[in-house]
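What follows is one chain in structure tokens, specifically the form predicted alone.
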Amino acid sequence: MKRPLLHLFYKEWIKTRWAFLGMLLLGIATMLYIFTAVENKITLQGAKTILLRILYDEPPVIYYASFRYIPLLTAIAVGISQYVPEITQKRIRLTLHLPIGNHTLIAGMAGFGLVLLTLGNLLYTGLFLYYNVRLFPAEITRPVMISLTPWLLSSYIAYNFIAMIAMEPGKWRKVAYSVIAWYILQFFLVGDRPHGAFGASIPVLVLMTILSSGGVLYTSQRFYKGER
């Protein structure tokens, strides 16, 4: 059982590596851009002025706004590179002949993609904390991390819906899933609220993310059966 799974993971890595690594480079570059701009403003305007603007300006100064779509774009790049060629070029039919149960196989594919996204999100979070703690006190870092959390979670929502749309055999269901995904992502990608404003909503967003993972297995079952 272990060898087929290792073969599956290697195949998934071959498909997704350049998309994933390319998005990591973009994410790292975005982080460097954000904090280079912050340091320049501190040098020109003074740390106290920047701190007061971040805390009290209306609308709030979202100095990390450039990062909003990076986790989402990472998920789109990984999801498309992983699933779209499998479906459009009928490769998944060959994959299904591996000596692994179909549910285990799809769970392995989806799990591999989710692990990649988690590694990317951990890297982004680590870099952000490293620079943010150097420049700002904890009173800013804590609420800012709360604001970043929905953006990070949006990557899992996007990835799960890409997998669902790719494997769904029914044309109109594909359209319905696309519309649902677009509306759900609006809850995760709000960027003009005060820092930490979504603290009470995080458990609900996490639950929505978990439920979207179950949808991948549901559409994969429909794919096996060829349902319309």
Partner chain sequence: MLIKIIRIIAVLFAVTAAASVLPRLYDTTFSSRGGRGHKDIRYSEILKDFIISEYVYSSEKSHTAGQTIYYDRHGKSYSRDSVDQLFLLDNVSQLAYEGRFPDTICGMAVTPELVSSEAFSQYYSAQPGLYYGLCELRDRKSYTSRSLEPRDLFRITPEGIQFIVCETNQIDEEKSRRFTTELTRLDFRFPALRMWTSPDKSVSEAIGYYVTDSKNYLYCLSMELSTPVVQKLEKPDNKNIRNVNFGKSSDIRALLITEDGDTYIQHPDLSYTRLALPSSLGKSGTLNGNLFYRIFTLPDRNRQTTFVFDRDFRLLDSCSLYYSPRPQSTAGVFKELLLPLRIGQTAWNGFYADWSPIKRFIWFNLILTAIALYYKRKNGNRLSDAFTVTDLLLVVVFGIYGFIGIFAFPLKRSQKEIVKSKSADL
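Here the structure is a predicted model, which is why all the values come from computation and not from measurement. Residue numbers count along the first chain shown, from 1.
Here the subject shifts to the form predicted together with the partner chain, a form of this protein not shown in this document.
Within this chain, K41 is remote from the site of the partner chain in the model of the complex, having no heavy atom within 4.5 Å.
In the model of the complex, the partner chain sits beyond 4.5 Å of every heavy atom of A65.
Contact check for A166: every heavy atom lies farther than 4.5 Å from the partner chain in the model of the complex. Looking at V204, you'd find a heavy atom of it within 4.5 angstroms of the partner chain in the model of the complex. The candidate site formed by K15, I76 and E86 is entirely out of contact with the partner chain in the model of the complex, as no residue has a non-hydrogen atom within 4.5 angstroms of it. In the model of the complex, V133, R134, L135, F136, P137, A138, E139, P143 are the residues of 121-149 with at least one heavy atom within 4.5 Å of the partner chain, listed from first to last.
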